[in-house]
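Listed next as structure tokens is one chain, alone, in the form predicted on its own.
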């Protein structure tokens, strides 16, 4: 069950990122807030704030003194500090505060460096080609459920050394963790239990059958001569799976959704392949899927607001990307935009460690799709649906390809 909620009448004083209006099209809401109320407030989810400007988002993201990352997904409850495996957090390094954060982040950076990531390109390209072959001959395909949703799980499964048949399970994990935010706390905890059991089973299986993958690496890694705590290993595995699947799935889907409605951009990408690096960055800026949460450490005045301890802060990276105060023609998609310092991968110490992999998957997925289908359009615009929660991306995109 989900908690029944009243609709939002004013996002400045009562915002809700799961409200249907926000989920369907948040950009007009953010434009309004940026001008009228740059830091919006809500009493929902126990109280929280939403900075809609680039300046406000940057101020919070770069401030680890007044804000904690011990949990990054907004829900109806609050994790008590003593209930988390300090200083690790539930999903290190994203839920780790300094100074432990730097140690935890440094551990995983080699796995996402350009060398090992670029070595995955042939596999990703073959995967995309195979997915498109499955739907060959159909007049209408669903660019999300037939294509985009299968790419990141396959890549992450390989990195972690998980069974191929579990990909559907991974997507269910993503749904539980990121989209079940309106469920009562007790139900959320109950639904997390099978997820924790799954990762524990994977750790045990890898202990018996070690191989060259990220799971085995984490199990053998050490901090100050000591192997990682079991909850550190499991938490990082959960982070890699969830962050690596939904974010990239959403970015691929949003990019194809854009091209299906903008034939001039599609034609340019097909005929001018040198545009692809610029297009990728503009897709990431304009349709950045991720918003990330923080908690206020103690009562204080910040950005002109009276914030209370354990208030949520929802960092609107996608809203910051469209702030005209920092980017010319910020509200326009410009496929060959040259200057593009977007915040799609976050800002500060928690900037996404997997950005190289996300860019690679996004680029290859688009290249293979437009190579197979140089012309396509939305088959039924009203049938496009979007995920709720902190990772926004299209879940259904019927596209006419013939």
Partner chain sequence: MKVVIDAARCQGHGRCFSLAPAVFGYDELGNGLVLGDGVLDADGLELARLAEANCPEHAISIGES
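Positions refer to the first chain, counted from 1. The shown structure was predicted, so the numbers you read here are calculated from the model rather than taken from an experiment.
Separately, the form predicted in complex with the partner chain exists; it is not shown, and the next lines address it.
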item: Among the candidates 188, 105, 227, 268, the residue which, in the model of the complex, approaches the partner chain to within 4.5 Å (heavy atoms); value: 105
item: 325, 201, 136, 109 - the one with a heavy atom within 4.5 Å of the partner chain in the model of the complex; value: 109
item: Stretch in contact, per heavy atom within 4.5 angstroms of the partner chain in the model of the complex, of 276-284, 125-133, 247-255, 308-316; value: 276-284
item: Triple contact flag 47, 70 and 297 to the partner chain in the model of the complex, non-hydrogen atom at 4.5 angstroms; value: no
item: The partner chain contact in the model of the complex: residue 193, any heavy atom under 4.5 Å; value: no
item: Any non-hydrogen atom of residue 65 within 4.5 angstroms of the partner chain in the model of the complex; value: no
item: is_contact(residue 348, the partner chain) in the model of the complex, heavy atom dist at most 4.5 Å; value: yes
item: Contact label in the model of the complex: residue 52 to the partner chain, heavy atom within 4.5 Å; value: no
item: Those residues of 231-251 which, in the model of the complex, come within 4.5 Å of the partner chain by heavy atom; value: none
